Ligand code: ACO
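So this first bit is one chain, no partners, the form predicted alone, shown in structure tokens.
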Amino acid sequence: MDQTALDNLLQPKTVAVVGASAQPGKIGYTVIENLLEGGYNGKIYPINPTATEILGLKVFPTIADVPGKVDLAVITVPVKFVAQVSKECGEKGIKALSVITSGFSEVGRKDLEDELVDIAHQYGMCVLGPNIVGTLSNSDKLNASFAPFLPFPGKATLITQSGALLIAMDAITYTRKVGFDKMISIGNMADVDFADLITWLDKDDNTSCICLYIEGFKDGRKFIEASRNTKKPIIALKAGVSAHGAAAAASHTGSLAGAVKVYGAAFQQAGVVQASDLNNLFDRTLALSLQPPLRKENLLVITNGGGVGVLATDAAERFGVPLHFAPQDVQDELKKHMPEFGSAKNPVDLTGMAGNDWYYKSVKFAYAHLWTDGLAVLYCETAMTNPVEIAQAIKKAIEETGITDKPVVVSMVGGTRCDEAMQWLVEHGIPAYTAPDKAMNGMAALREYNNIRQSINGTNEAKIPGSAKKAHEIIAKARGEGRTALTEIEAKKLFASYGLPVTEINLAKSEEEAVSLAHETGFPIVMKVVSPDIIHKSDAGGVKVNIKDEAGVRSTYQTILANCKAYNANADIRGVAVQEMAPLGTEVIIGSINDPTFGPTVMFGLGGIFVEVLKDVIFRVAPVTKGQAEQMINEIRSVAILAGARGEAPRDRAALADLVCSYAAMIYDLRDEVAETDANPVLVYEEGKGLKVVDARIILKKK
């Protein structure tokens, strides 16, 4: 995306409103009115073929009649005229179109949207929308939208796919006192998308935090790349996580994948903090837009009420923020600013007797102390204190330390005086909340931002195999037979071509051949049906383990064939696989889906009940580095089992991380061919003893 075109879109010096109206209530009238009422200092050119004046402004019949240069054209004409108007804008030399008009892909007319973008690109223009509310910017006094007013001023910028939500959030900024410099309605994203705007906003001096409301991406990997490269915090609220158009569940991984997990993985790899709901988005945006990240673990809580202190402690645990007792020297100093029945541990309870001076001295000392990495200051309204004066004491104490790299959040519980005090704090750069849990959630966002950015530093590169000739030969053979499911033997050969440690397996097409292969492999063995029509072999009675002798091989061969014919009389049964029986180990599952938004993603989890019932799995967008693979292993809830629970020896997690990394590289390399895969189970042995892929499943993309 041409960043100069985005300059014209978001910081225009001149704006033309094509489809301007002299009739109040029409969008073309409202945009003109909003530009004027917002105090826009640039030139405004209403375009209307019949009117002569709108709100005191001279009207031009066409865009070609406007004298001089136009940076931005806001288009509000009916959909049938948009293409022609866009062409006229291109001929005028305009570089940015903000298309408010609806009636495009959102109602099934993608053809009209494609035509619009084609015209725009012919003339070097960018298109925001269509189907948008418009753009708002406090720093430019620009309300080029039909939202009623510019938002409560601040340093955050909102990008939203929902225009109605933008209008609602615009109003909420005043009741919540959460400040935004810009609000951008992105609509159908026919051209300009989230990634383009994130890249531009990263260089915007008036934006300190980028806030996103997301319904979906057209290019998820472009979003990850842009977000990883920004230096500003990004917080996202993803809607529509309850339903996801992923691949059909032909594999375990396919059945476990969903928007909440795949998007969550993508956000983590992109360095994006997540919000759980709209209120949470505001709470977290407030902290991220005003404060530095919480870079270490020592958060100190200062309060005048035990109750709010306990609530803050509960919230800290819930949000994953550790609280530690303050060291003795810190406690000794803080005890000077409280009665004997106060507590200097953490939370620090100054008691209800605390006034301006105690708050000032405690906050100043604690904030400046080397042990303290962040500060949460809580206050319950009392008859003996003035909340505004308490707020001023807190601000003065922080300011006088000269420290700017530690975060501080405040919660003031009370009435209208507390509301006034909190607004004062926000206006002076300190996030303030009506409840202690909200303050702790804001601090949690600052901690998450630090941790998530640390986790992606230096992890851009991942190993990709240099050759996949053997894999493509296997896939070509299956496609030549009209199949989209590889047999287990084919899947394991493909895995082996990428260096994955698979169990030895061979195909027997007769009972005698099975006996011969069993002796070559060595008892005990495993026998499995080989059929492209039977993906879940256990369901068909097509798997038998621990076969110890020749008689067992013969009976098992016949039993498997009978079971599978009964399961699916029309199945193409190609024989029975004879496989080495790997020693017992801890079962894990590794798999993948080719997500429609982000492409190939890799999944990891423990096997058995952990995946079938608890669904304790982690996803990442492939490829992944060794460090990211180690993170995946550590993030599952049942990771203690791999560490050696109940006296068991620790498992070989280094080998497991290597496998996850290689597996992700494999599926990324085969992204144009493979839809879903499973390596399930993988048996992991003690440290230093490696692992084995026991079963393999690969589903190809339909072409």
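The shown structure was predicted, so the numbers you read here are calculated from the model rather than taken from an experiment. All residue numbers refer to positions in the sequence shown, first residue = 1.
This protein has a second form, the form predicted in complex with acetyl coenzyme *A (ACO), left out of what is shown; the following refers to that one.
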property	result
Segment that reaches acetyl coenzyme *A (ACO) in the predicted bound form - one of 132 to 140, 493 to 501, 227 to 235, 352 to 360, heavy atoms within 4.5 Å	132 to 140
One residue of K43, K26, R671, R653 in contact with acetyl coenzyme *A (ACO), assessed in the predicted bound form (non-hydrogen atom, 4.5 angstroms)	K26
One residue of T101, T173, N594, Q631 in contact with acetyl coenzyme *A (ACO), assessed in the predicted bound form (non-hydrogen atom, 4.5 angstroms)	T101
S21 within 4.5 Å of acetyl coenzyme *A (ACO) in the predicted bound form, heavy atoms	yes
Touches acetyl coenzyme *A (ACO) in the predicted bound form: A164 (any heavy atom, 4.5 Å)	yes
4.5 Å heavy atom contact, T625 to acetyl coenzyme *A (ACO) in the predicted bound form	no
Partner proximity in the predicted bound form: T160 to acetyl coenzyme *A (ACO), non-hydrogen atom cutoff 4.5 Å	no
Stretch 361 to 398: residues contacting acetyl coenzyme *A (ACO) in the predicted bound form, 4.5 Å heavy atom cut-off	none
